[in-house]
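One chain follows as structure tokens, the form predicted on its own.
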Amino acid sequence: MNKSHPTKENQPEDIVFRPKNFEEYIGQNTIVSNLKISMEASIQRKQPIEHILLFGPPGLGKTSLASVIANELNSNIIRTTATSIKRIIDLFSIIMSLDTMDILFIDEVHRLDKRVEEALYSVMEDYSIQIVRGSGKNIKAMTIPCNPFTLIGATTRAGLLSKPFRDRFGHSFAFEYYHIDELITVIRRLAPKLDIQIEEPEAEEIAKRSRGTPRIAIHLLKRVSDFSLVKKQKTISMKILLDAFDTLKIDQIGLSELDRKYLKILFLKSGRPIGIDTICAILSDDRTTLEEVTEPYLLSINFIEKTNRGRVITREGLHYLKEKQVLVNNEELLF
């Protein structure tokens, strides 16, 4: 059903783990409920569902939901990334390959080149491609119709999208972090696909460390299953699980060494705001990782705050460091 397009979606692991329909898709219930209504309406009208913007932290199921939408609508889907569409001609070649009712999924849509984004405006509104040729008195404008389709854009940085671009999406959905019980369901459903067994208490321990994110839950399940395989056990025991997390240095709420180092940097500033570029330099890490992976979760659990002057640690963050007796300069952190 899906058109072949060279992206990460074609990897075997994605085929195994990604849900195929709404019944298999776990979480984001409000989004799914709204989509079902809009999709049913589009089927009755025999028209493509309006363009959809999916935004939120990475790993919450945006790409999976795009695949589910295509399957539920019995539509073909072409998947690509914004950085793969470098020129307007690249965009137009994809658009002209789409059949009526097809879906074009663009991941990290906020990274589109500005000229490519603007070229999408008429395509999204009128299903037409605007081409200007020549210059001066010889300039000519051409309009080439394309088949009606649905654009699904996914982004972790919705704030970077221009207002004219955002306004052309008929649907805009913000993804939320998952609840523990939803993550337990994800883990227990996927364990048999890894040829491993896991009971609910152990699944809950993984879920609590998954930062509300299915992708992390799957990653941790695979790491723990590796430990079980080495121990020649088909069922993940609590001992193996805790030994694994101790080795991985992931605590009970899912914080890693990078998270703790980040918090220590803010603590050492004695409550003064510190800029993201300074934090990146100290950690020798890239800004994208901190802004899209580390900070959203620390913000969600109220361990840090963003201000106009930089980041600061909160009382909850300080309490966490105190509880963990985090070491600073080889000495215990005292309050």
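Keep in mind that what you see is a predicted model, and the values were worked out from it rather than measured. One rule holds for the numbers: they count along the sequence shown, beginning at 1.
Although not depicted, the form predicted together with a small molecule is the subject of the following passage.
Though the partner is left out of this view, Pro58 does reach within 4.5 Å of the small molecule in the predicted complex, counting heavy atoms only. Proximity of Gly317 to the small molecule in the predicted complex falls outside the 4.5 Å heavy atom cutoff.
In the predicted complex, Ile26 approaches the small molecule with a heavy atom inside 4.5 Å.
In the predicted complex, at least one heavy atom of Pro214 sits within 4.5 Å of a heavy atom of the small molecule.
In plain terms, the part of the chain that comes close to the small molecule in the predicted complex, with a heavy atom within 4.5 Å, is 59-67 out of 297-305, 37-45, 59-67, 280-288. Only one of Ile218, Val116, Leu161, Ile95 comes within 4.5 Å of the small molecule in the predicted complex through a heavy atom, and that residue is Ile218. None of Leu112, Val186, Leu263, Leu104 but one reaches within 4.5 angstroms of the small molecule in the predicted complex through a heavy atom, and that residue is Val186.
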